[in-house]
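Taking the form predicted alone, here's one chain by itself in structure tokens.
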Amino acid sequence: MEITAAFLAQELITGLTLGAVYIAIALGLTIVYGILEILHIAHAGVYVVGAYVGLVSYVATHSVLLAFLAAAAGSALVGVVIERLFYLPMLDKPRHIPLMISIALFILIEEMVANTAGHYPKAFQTSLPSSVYSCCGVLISFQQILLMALVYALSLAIWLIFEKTRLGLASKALIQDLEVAEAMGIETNKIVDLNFILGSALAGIAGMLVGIYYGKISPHMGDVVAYESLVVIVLGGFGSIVGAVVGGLILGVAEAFLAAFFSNILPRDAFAFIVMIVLLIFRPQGLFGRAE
């Protein structure tokens, strides 16, 4: 394998694209964990729902914008139902109980989607351009540009919401101490609802974006996402929005380069855990997490 500047630049583009995929999924999971400190594995199921709602909506309307809105709304609804019916009643229970419930919900959602929409992948073709651009031997597709632009713009928007708005201030108060925040007059249930709506909507948008990028969706597309999104928030530090973005970028770029050089030794998915193990040896709390 000849290592050239064009080769390295191409792998960097691949890594930034993978990073955008991981960020899109991990952002919502980070928001949910920050509020309730529950490992919301069912978030990967919400992501699958968003992909399928987006496809159905696009087939019905032939509008990518309406499909994105429908994917976000459908996923937000599923997220709030999970929060209200399963998570809020479990807040006084040991943390492993909502985790087990979340895993069960993830499996249930995937099987319900499979039994409803079919067990095989479905093509996700849109009217968006399929152009591929070349510069100095480096290729980048329109889908990659769209994916990265939307994800990084959403990341900035989420950061601004949590840093500059009353919702963000109230959310930070809940993260510090939910009971004290409630005693201070904050409508905790409303804030938790809004965070789940926001996080789940992001999952739905991520599902549709990934479907457009890869040109297909499947009922079990959340299987790998369930653990790779967890790797991202572990890398960045639990509950950190900035950490989710930086963790996603690190994982995406590292995975792209490691796979380019060592794919004949290990499967691609194994590199996520290698990156996590190496980083946590030196910083157990993650990049932006706080040591307990």
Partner chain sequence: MIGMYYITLLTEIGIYSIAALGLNITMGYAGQVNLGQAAFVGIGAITSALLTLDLHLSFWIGFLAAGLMSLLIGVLLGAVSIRLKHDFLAITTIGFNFIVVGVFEYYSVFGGTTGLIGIPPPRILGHSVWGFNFMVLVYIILALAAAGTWWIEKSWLGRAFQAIREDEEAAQTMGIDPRKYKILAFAIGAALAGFSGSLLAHFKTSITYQNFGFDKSIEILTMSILGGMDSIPGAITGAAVVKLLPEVFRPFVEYRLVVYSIVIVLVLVFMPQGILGRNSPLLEWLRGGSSGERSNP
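Positions refer to the first chain, counted from 1. Here the structure is a predicted model, which means the values were calculated and not measured.
Unshown form predicted in complex with its partner chain; subsequent notes refer to it.
Shown alone, this chain has one stretch from 71-79, 107-115, 153-161, 194-202 that lies within 4.5 Å of its partner chain in the model of the complex by heavy atoms: 107-115. The listed set 53, 234, 256, 246 contains one residue whose heavy atoms approach its partner chain in the model of the complex to within 4.5 Å, identified as 234. For the candidate set 221, 101, 212, 174, a heavy atom within 4.5 Å of its partner chain in the model of the complex is found for exactly one residue, namely 101. The closest non-hydrogen atom of residue 123 lies beyond 4.5 Å of its partner chain in the model of the complex. A residue is said to contact a partner when one of its heavy atoms sits within 4.5 Å of a partner heavy atom; residue 181 fails this definition for its partner chain in the model of the complex, lying far away. Interface residue remark: residue 149 is not counted as part of the site for its partner chain in the model of the complex, having no heavy atom within 4.5 Å. When its partner chain is considered in the model of the complex, residue 39 lines it closely, a heavy atom lying within 4.5 Å. Contacts between 261-282 and its partner chain, taken as any heavy atom within 4.5 Å in the model of the complex, involve 263, 264, 265, 266, 267, 269, 270, 273, 274, 276, 277, 280, 281, 282.
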